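First, one chain by itself in structure tokens, the form predicted on its own.
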């Protein structure tokens, strides 16, 4: 395997690792907080609403948008690390 192929393989392995971690976080927030931990979270109120309800309605969306920005930042660093940046 050439050096270029090794670099590309390492790049994609790291990229997939980031994707799995971020998707797992999104799953925990959307499914876990919205469904599994709803009863425990409903004991806390946020802005007059039960926290479990808030996570289902708003929190999962906010976390998803934040994760998009985190992914962009991670990929920019990864691109620079492996020399794929466009600067």
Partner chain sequence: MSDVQIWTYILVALSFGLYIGIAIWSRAGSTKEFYVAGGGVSPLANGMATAADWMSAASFISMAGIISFAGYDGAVYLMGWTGGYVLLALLLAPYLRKFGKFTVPDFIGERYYSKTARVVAVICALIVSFTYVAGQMRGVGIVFSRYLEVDINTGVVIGMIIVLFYAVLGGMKGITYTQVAQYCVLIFAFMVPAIFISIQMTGNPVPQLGFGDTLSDGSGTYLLDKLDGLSEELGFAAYTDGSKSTIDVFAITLALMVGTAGLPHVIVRFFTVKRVRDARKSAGLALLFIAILYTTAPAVAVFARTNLIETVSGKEYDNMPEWFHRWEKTGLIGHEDKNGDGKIQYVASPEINELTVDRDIMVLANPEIADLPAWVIGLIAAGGLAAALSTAAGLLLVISSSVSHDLIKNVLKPDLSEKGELWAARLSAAVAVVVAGYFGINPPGFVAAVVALAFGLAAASFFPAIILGIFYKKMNSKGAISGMVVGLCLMLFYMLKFKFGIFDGGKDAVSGLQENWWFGVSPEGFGSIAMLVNFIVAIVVNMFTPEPPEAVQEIVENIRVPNQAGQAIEH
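Residue numbers count along the first chain shown, from 1. Fair warning: this is a prediction, and the values are worked out from it, not measured in the lab.
FYI, the form predicted in complex with its partner chain isn't displayed, but the following is about it.
Taking non-hydrogen atoms only, residue 79 approaches its partner chain to within 4.5 angstroms in the predicted complex. Its partner chain is not drawn, but in the predicted complex it has a heavy atom within 4.5 Å of residue 57. Among residues of the shown chain, residue 3 is not one whose heavy atoms approach its partner chain to within 4.5 Å in the predicted complex.
Under a 4.5 angstroms non-hydrogen atom cutoff, its partner chain in the predicted complex has residue 61 among its neighbouring residues. Residues from 23 to 50 that approach its partner chain in the predicted complex with a non-hydrogen atom closer than or equal to 4.5 Å are 23, 26, 27, 30, 31, 34, 35, 36, 38, 42, 45, 47, 48, 49, 50, in the order they occur in the chain.
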